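Okay, so here's just one chain, in structure tokens, the form predicted on its own.
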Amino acid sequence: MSAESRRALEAIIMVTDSPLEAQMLAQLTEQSLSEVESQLAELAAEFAEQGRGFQLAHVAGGWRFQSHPDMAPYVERFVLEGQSAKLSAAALETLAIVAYKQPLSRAQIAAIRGVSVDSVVRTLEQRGYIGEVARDPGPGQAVLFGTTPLFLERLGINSLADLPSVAEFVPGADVVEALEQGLRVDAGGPVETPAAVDDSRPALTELLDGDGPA
């Protein structure tokens, strides 16, 4: 790659506030898409090899500079600690539901959670993590919500297909059986104690907690 095109790509990506698609970068630098994609991959590999505190990442369908995951403790001290409010447990649960079952309406979200979700949905909309993606064709044409590119960007993934499988967070049949036995009260006998459940895996909502890579 020429020094000029390299500097141009670095400068453009440096000043953007959201991931830039390679097609847009190709237009701005007057190069072919294949040339730009090759240059971006080379730059990303070069920064990784140099062990920089930042990386050129491909997220949400575009490219951006972001702090290296290894530097998260230091970045959090400067940016996150005491300066940004984390999402509540209710908001994280709602966001997880939308992410995995979208598109769906407020009523559908409320039916899954069993409580009103109006305020939580407003919070997620204000944060820019969910938005209107369609209208229900049925009576009332309810707004259907889905996740936004910002959601992908905050998680550092390129598409919803990169989300972990829900099956990873569903307990096995042996665990379910143990829990059922533990909740069953036998006439004239003590309540059985359920077998220990392995909770070493992170909860699904932990994957959505915080704001992702800085």
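A quick note: this is a predicted structure, and the numbers were derived from the prediction, not measured. Residue numbers here begin at 1 and follow the sequence given.
Not pictured, yet referred to below: the form predicted together with another copy of the chain.
The closest non-hydrogen atom of residue 39 lies beyond 4.5 Å of another copy of the chain in the model of the complex. With a 4.5 Å cutoff on heavy atoms, residue 33 does not count as touching another copy of the chain in the model of the complex; it lies far away. Though the partner is left out of this view, residue 144 does not reach within 4.5 Å of another copy of the chain in the model of the complex, counting heavy atoms only. Proximity of residue 20 to another copy of the chain in the model of the complex falls within the 4.5 Å heavy atom cutoff. Contact annotation for 32 to 49: residues with any non-hydrogen atom within 4.5 angstroms of another copy of the chain in the model of the complex are 43, 46, 47, listed in sequence order.
Relative to what is shown, residue 96 and residue 18 are closer in the model of the complex; their C-alpha atoms differ in spacing by at least 3 Å.
Between residue 148 and residue 71, the Cα spacing is larger in the model of the complex than in the shown form, differing by no less than 3 Å.
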